[in-house]
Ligand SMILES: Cc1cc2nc3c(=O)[nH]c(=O)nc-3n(C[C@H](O)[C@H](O)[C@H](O)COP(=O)(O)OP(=O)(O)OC[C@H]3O[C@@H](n4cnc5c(N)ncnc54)[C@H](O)[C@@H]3O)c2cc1C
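Read the single chain below, which is given as structure tokens and is the form predicted alone.
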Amino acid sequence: MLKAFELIRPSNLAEALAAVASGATPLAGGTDLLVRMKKGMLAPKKIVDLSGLKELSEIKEDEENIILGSLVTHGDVVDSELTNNYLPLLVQGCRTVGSPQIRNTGTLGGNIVNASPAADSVPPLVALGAKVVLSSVNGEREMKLQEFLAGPGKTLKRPDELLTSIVVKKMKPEERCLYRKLGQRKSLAISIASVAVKFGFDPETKKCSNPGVAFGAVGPVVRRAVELERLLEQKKLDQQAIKEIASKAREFCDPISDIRASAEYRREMCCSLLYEALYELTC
């Protein structure tokens, strides 16, 4: 049973930031917060409902970037012409999130602030070098998403801040990408392991450029595998090179064993997922 709380419905971002500064807990899609409250894990005295802030629900572009408001849902990403044109890797990740109901309710901002290593939207965003914008009554600050994630359930967001937008550089038309996820079933599954890969590729020389690789659910946080990216740039990506590079994936994982999979199984699956992704993107 939920404990009584004060509900604040701001009419603009300034009011929302003031509420957060006063100690109110932000409510976006509620797919995580409400579950925790019902289980008695959280009992906030004040909640600020962000759902009425249209400025946080927009997907916009400038010359180089796509700017996603923190209230943009996974379903919005899947349906948006802008993200399909310029961020297809993120679209692939968001398409695997939960059920249609969850995709249409859960928000990107909530998924990021929740800081689950198994979040499906986060590996694509990290592989794409996304940045987050954090706002408070004192102003804004911007940082790389990879740096923002501090551990399972932990971020560098201050108590008086809201994550207000995610800024992602547009992918180039010639860049290829793939998100691969392993779960215990085909749908509604939490990732056992996942990988997001993107790069430019010349089929004649079999060389790639500007690679991004990030693994999910195999470490405390989602991180880019920078050394694997260097190998991808250095090698001619024939079948032998793909096999060699994929075999090194286990070195960039720090998984745990839990009810869904052992640590060793996750390491092996990272190799398999990366091999499948590289093979499909280049062969």
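Small disclaimer: the values here were computed from a predicted structure and weren't measured. Numbers follow the displayed sequence, beginning with 1.
The same protein also exists as the form predicted in complex with the ligand; that form is not shown, yet it is the one meant from here on.
S.K.: Go through 107 to 115, 80 to 88, 138 to 146, 204 to 212 and give me the stretch that gets within 4.5 Å of the ligand in the model of the complex, heavy atoms only.
M.R.: That would be 107 to 115.
S.K.: Quick one: does P26 come within 4.5 Å of the ligand in the model of the complex, counting heavy atoms only?
M.R.: Output for P26 is yes: heavy atoms within 4.5 Å of the ligand.
S.K.: Given that the partner is absent here, does S57 sit within 4.5 Å of the ligand in the model of the complex, heavy atoms only?
M.R.: Taking the distances in the model of the complex, the answer for S57 is no, it never comes within 4.5 Å of the ligand.
S.K.: Considering non-hydrogen atoms and a 4.5 Å limit, does the ligand approach V226 in the model of the complex?
M.R.: Residue-level check for V226: no, no contact with the ligand.
S.K.: Since only the chain is shown here, I'm wondering whether L33 would be in contact with the ligand in the model of the complex (any heavy atom pair within 4.5 Å).
M.R.: Yes, contact at 4.5 Å.
S.K.: Going by heavy atom distances of 4.5 angstroms or less, which of L162, L125, V132, A193 would be at the interface with the ligand in the model of the complex?
M.R.: Exactly one listed residue reaches within 4.5 Å, namely L162.
S.K.: Quick one: in the model of the complex, does every one of R180, A249 and T282 get a heavy atom within 4.5 Å of the ligand?
M.R.: Judged in the model of the complex, none of R180, A249 and T282 sits within 4.5 Å of the ligand.
S.K.: Taking the ligand in the model of the complex, which residues of 117 to 136 have any heavy atom within 4.5 Å of it?
M.R.: Residues within 4.5 Å: A118, A119, D120.
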